[in-house]
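Below you will find one chain, with nothing else, as structure tokens; this is the form predicted alone, and questions on how it binds or moves follow later.
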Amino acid sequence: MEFADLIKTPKLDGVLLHDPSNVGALGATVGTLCITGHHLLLSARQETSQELWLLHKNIDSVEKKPSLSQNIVVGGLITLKCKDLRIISLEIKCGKDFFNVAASLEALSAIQSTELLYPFFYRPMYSILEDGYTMFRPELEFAKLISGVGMGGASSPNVANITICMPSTSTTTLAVGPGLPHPLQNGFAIDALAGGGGGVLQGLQAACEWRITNVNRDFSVCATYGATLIVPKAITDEQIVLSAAFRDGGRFPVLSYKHENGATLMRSSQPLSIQGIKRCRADEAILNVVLGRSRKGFIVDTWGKGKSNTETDLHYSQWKKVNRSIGNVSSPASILDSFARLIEACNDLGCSTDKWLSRLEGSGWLSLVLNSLNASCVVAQCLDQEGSPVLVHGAKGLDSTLIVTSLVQIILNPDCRTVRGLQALIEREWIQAGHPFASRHRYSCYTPNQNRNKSSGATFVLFLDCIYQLYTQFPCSFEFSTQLLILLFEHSHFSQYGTFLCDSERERNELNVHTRTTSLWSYLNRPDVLQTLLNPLYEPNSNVIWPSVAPISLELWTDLYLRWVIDQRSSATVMSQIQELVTREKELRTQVLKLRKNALELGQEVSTLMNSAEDA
């Protein structure tokens, strides 16, 4: 298929752009509309007007309202509802052009072939300083995960030297960094001999409780997991295969996080409901090994009591079952339905205060946020205060499970509150863990419910909203600002980068995404870009952050949900002023240190002169 076959009118003059979000514009903007294979462009004749660049992948819904004159279409209004929550309209004066433009945009925004998307055509105009696809390789992240070293990528200052222990007596010591082999041979265990920057390892025995396995290297054991996984050293690959057959989608228990006290967090899918099969000894062995010296562990189900299968008390007697449902949802699409009701309420500027509050509550979105935080705090308490291992699962383990395991790490691990730490977390817990971004984000909140696939969802934005809630309660504990969260929301739906493409690592490998596209992390970590994403109030906080889960503590994320509805320039001005004050404070602190040094030196000189005078 050629893009030219889908573009019926590539260029059109005299198009009126109605963009309510452009607060500086006076009325509609008149310009020339151009349609390319990946973008819609509108260039205005006024020098003060900005050009419109819109990725077709950003378009969620195309609505047509023809203008009639004597029952003849003489033009009309095309309303584009976008995945970044913006709503714009194109007014076209000719009936034929009206239908041609609408048909072109409908076809281009509905392209399903991944290889025809913009990331495969985009070539950055800047030099790549770091390859984002190799920054958070599974071997490196898992090595730091089990050793207790901060997980911030290869360039993190507290990276340790990792010793790869083969089954034989020989060992090979590798400096963690760009030279690390990929992938590690199957069956290797990770031993850490030293820790840098405060990451002191607890010894060879504890580190060797886990190993890296490539049993899923051909993705035959689990289609949604990556090729490289970390499992208990005492568990064989044969047991892993049996456990995978017992779990929905083959998602057997894998390590997600190891707390500083040694307590481990694992994730999986729920057990399958197969008549006649009520237990799996291999699966039981995995959880029993994880228990170690702990007398009990916790299995937290995020799907809902009575909706999912769970492990039987008889065969998992040392594991306490805890139900912490994220919400009354039967599928990921239900989360998107809630999100759609929220955005519909946010866009209704004419409703009264009472009706607005009623619609906000009726959307159920803040309840999902609250339940997600609540479940995460329960898991974090089990790890931090009980010192017990936790297994989190819910249905297929692709949505609510990932929300909880990710939030737990942000609460407990200060590294996950840094820019690189958050990137590593998303790479490890969402992208490599097999969250189906392509399926979940094919449609968004503006697509009518009846036109969405059941696989559509808004799980990732729910996760980002939970981070925002943590940010509002602990504004000085996050290195990044909420602008980074908004960028992640946008790029997960539409992007020139390949980071969020496809549904799994298997699909990305089949399309050679890592060699044919550019990583979003390569862009975000450029010094000039990174500077715009930093939180000026950040003060490193090594403590656990326990959020309030009282309903009154929640805030509507206006910077995202209302940014095209309410003028956000005042917020930007305030942040700019804060940045200037912080910068000025740092300058004054530097001056104070210099003055103190000068005063000390002058005092020493005076003392020397006085001593000389006395001697004379």
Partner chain sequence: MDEIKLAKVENVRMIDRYNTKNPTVGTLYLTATHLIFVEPDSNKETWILHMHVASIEKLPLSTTGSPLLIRCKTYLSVTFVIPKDSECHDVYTSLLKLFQPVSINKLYCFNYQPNKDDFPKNTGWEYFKLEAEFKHMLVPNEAWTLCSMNEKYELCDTYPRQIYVPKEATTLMLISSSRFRSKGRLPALTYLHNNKASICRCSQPLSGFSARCLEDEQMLEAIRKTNSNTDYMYVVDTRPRINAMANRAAGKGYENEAFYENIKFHFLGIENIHVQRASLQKVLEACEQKSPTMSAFLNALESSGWLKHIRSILDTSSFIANAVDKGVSVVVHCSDGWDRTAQVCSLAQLMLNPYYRTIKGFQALIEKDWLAFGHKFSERCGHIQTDAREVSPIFTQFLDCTWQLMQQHSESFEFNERFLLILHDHVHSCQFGTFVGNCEKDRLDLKLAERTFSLWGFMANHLNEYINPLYKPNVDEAIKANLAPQCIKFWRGMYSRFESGIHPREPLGDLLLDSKEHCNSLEDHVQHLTKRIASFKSYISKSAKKLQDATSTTAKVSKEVSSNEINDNKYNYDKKLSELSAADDDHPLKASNMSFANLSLTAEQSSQPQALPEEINSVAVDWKPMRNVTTCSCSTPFDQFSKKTHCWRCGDIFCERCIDKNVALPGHDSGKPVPVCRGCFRQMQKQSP
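Residue numbers count along the first chain shown, from 1. In this text, all values refer to a predicted model and were calculated from it rather than measured experimentally. Superpose the two forms; the largest set of C-alphas matching within 1.5 Å is the rigid core.
Keep in mind the form predicted together with its partner chain is missing from the figure; the text below concerns it.
Shown alone here, Leu349 lies within 4.5 Å of its partner chain in the model of the complex, counting heavy atoms only.
Using a 4.5 angstroms limit between non-hydrogen atoms, Glu63 is distant from its partner chain in the model of the complex. Interface residue remark: Gln591 is counted as part of the site for its partner chain in the model of the complex, having a heavy atom within 4.5 Å. With a 4.5 Å cutoff on heavy atoms, Ser358 counts as touching its partner chain in the model of the complex.
Stretch 573-581 is the answer when you ask which of 38-46, 51-59, 66-74, 573-581 has residues with heavy atoms within 4.5 Å of its partner chain in the model of the complex. For the marked spot (Pro475, Ser553 and Leu609), a heavy atom within 4.5 Å of its partner chain in the model of the complex is present in each of the three residues. Of the residues given (Leu530, Ala234, Leu116, Leu370), Leu370 alone sits with a heavy atom within 4.5 Å of its partner chain in the model of the complex. Note on the partner interface in the model of the complex: the residue among Ser273, Asn543, Thr515, Thr312 having a heavy atom within 4.5 angstroms of its partner chain is Asn543. Contact annotation for 427-458: no residue has a non-hydrogen atom within 4.5 angstroms of its partner chain in the model of the complex. Superposed on the core, the two forms barely differ at Gly14: its CA moves less than 2 Å between the shown form and the other one.
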